[in-house]
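Take a look at this one chain, the form predicted on its own, written out in structure tokens.
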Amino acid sequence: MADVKNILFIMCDQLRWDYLSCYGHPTLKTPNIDALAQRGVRFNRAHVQSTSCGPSRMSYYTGRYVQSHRAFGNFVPLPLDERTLGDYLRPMGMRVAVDGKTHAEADIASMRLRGLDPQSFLGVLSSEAGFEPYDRHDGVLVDSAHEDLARNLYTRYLKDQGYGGNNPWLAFANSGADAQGQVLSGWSLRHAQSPARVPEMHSETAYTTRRAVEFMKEQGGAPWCLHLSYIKPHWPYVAPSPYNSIYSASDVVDAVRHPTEKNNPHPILDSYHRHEASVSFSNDEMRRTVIPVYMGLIKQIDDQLGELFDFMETQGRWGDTMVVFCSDHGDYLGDHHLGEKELFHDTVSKTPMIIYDPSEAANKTRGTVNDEQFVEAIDLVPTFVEAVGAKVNPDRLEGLSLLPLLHGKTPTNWREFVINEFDYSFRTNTRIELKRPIKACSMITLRDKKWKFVQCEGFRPLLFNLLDDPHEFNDLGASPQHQEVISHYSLKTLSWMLSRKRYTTANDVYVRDWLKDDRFSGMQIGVW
């Protein structure tokens, strides 16, 4: 019998790894997340498979790299033939549900081709990346007409609380007001420090936490996996009182950037420097306005997790529930003269990863920090599967179970590098500016402990020596003295691409033993 009965899979959206006190932030205090780290293991070399919400999350949910699961951008459907966390855990008798964001997009064309009703039980699971949509809400959009109110329970909740208008999520939860009562839209960064027009209890984060508590209460003694997926601290950078004013400009850490980064930069980087978010976050006044609110949103998440963890204590859930805390990617916040996310820097590809395993085998690693092994987002699915006593599928899953690391074992032949994939075809301004075809905008980053190599389709690569240049200021991709290193990592990247698990309809056992099949008995081919 497995020691893990339930799984609480917590994810924040656009949370930087270094904006938690347990990861070293000098003034932002996150005592409840820190306490979780003391119960489990904090990984210092955790990276996601893409620095954009959708493809990153699909790698988390499938245990597969972006090239393998093929959902290469936001609002790109996850192919119907992909298997997700729910497909592995539901046969074990677990209820697998989501409370919050997934960015999953349904493969409606394939469903119609196969006659699968999107409204049926299987159709809904296929549409939701394998999760039961207990309370899915992906974040505010400009017009509520884009949201299905029958599915978006948070919008309905706001309306039930008396918040009117077409889109109360934007007009109240993500906007402020001036002294005359005029709405200050959260889409404008200069309004960030104005408190949201809802009290804290009606904000997205507090609502999502309450729904998690309600879900746990409903389960009784049945096993479950809940993906608690907070929308924040993703933009709009608007926080309810008092979280909009807990931190000030004096708490803002200096941007990690250097003037030389803008001296003849790589063409893709050069284009991103001109994006509006990059220009804005290069403005120190703007950073001093927005980043304290970003910190406040994180503080609110920590406070809400404290309430949730206290509830779990009263219910005895710490004895049988694995808890994971992570992020789908980071946020530049002005580092490298950039805003938003995407691209390849550790600022956005490195994420927090904290895992609490209730089993006795994990006692020896409690409160420890893993500084050695590279960990990837794709590792969570095989970790969860193994933790509940199911069989890990080696023919499809590309991640590695983290249970050995949680149990104090040092696996042989652990990965030597991490991979990040990003496709900028949806960045229309950059794609058109660089005259790239839609199908030729891919970037693959291979990072080990010394080098970061970025292969860019149609352009020269980027290269950083992380030992001499840990902040990634000096791009060596055009250096004649480093051509041998570039050649080595080009071949290494190609080798990685060729080793993807794309052939998933026949497992290794079938390939090994196919001649033993009775259909081939007596066949003689090529005999003279």
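If you superpose the two forms and keep the largest set of C-alpha atoms that fall within 1.5 Å, you have the rigid core. Residue indices: 1-based, along the sequence shown. Since this is a predicted model, take the numbers as computed values, not measurements.
Just so it is clear, the following notes concern the form predicted together with a further copy of the same chain, a form of the same protein that is not shown.
At a distance of at most 4.5 angstroms from a further copy of the same chain in the predicted complex, all three residues D87, R502 and L515 contribute at least one non-hydrogen atom. Stretch 99 to 107 is the answer when you ask which of 241 to 249, 219 to 227, 359 to 367, 99 to 107 has residues with heavy atoms within 4.5 Å of a further copy of the same chain in the predicted complex.
For the residues S282, T289, N152, Q373, the 4.5 Å heavy atom test against a further copy of the same chain in the predicted complex is passed only by T289.
Think of it this way: in the predicted complex, a further copy of the same chain has a heavy atom of just one of S349, S126, T205, T383 within 4.5 Å, and the residue is S126. In the predicted complex, F311 stays away from a further copy of the same chain, with no heavy atom inside 4.5 Å. The shortest heavy atom separation between Y163 and a further copy of the same chain in the predicted complex exceeds 4.5 Å.
With a 4.5 Å cutoff on heavy atoms, L80 counts as touching a further copy of the same chain in the predicted complex. Although the partner is absent here, E340 sits close enough that one of its heavy atoms falls within 4.5 Å of a further copy of the same chain in the predicted complex. Shown without its partner, the chain has Y510, V511, R512, W514, L515, D518, R519, F520, S521, G522, M523, Q524, I525, G526, V527, W528 in segment 509 to 528 as residues with a non-hydrogen atom within 4.5 angstroms of a further copy of the same chain in the predicted complex. Comparing the forms between the shown form and the other one, the C-alpha position of A506 differs by less than 2 angstroms, with the core used for superposition.
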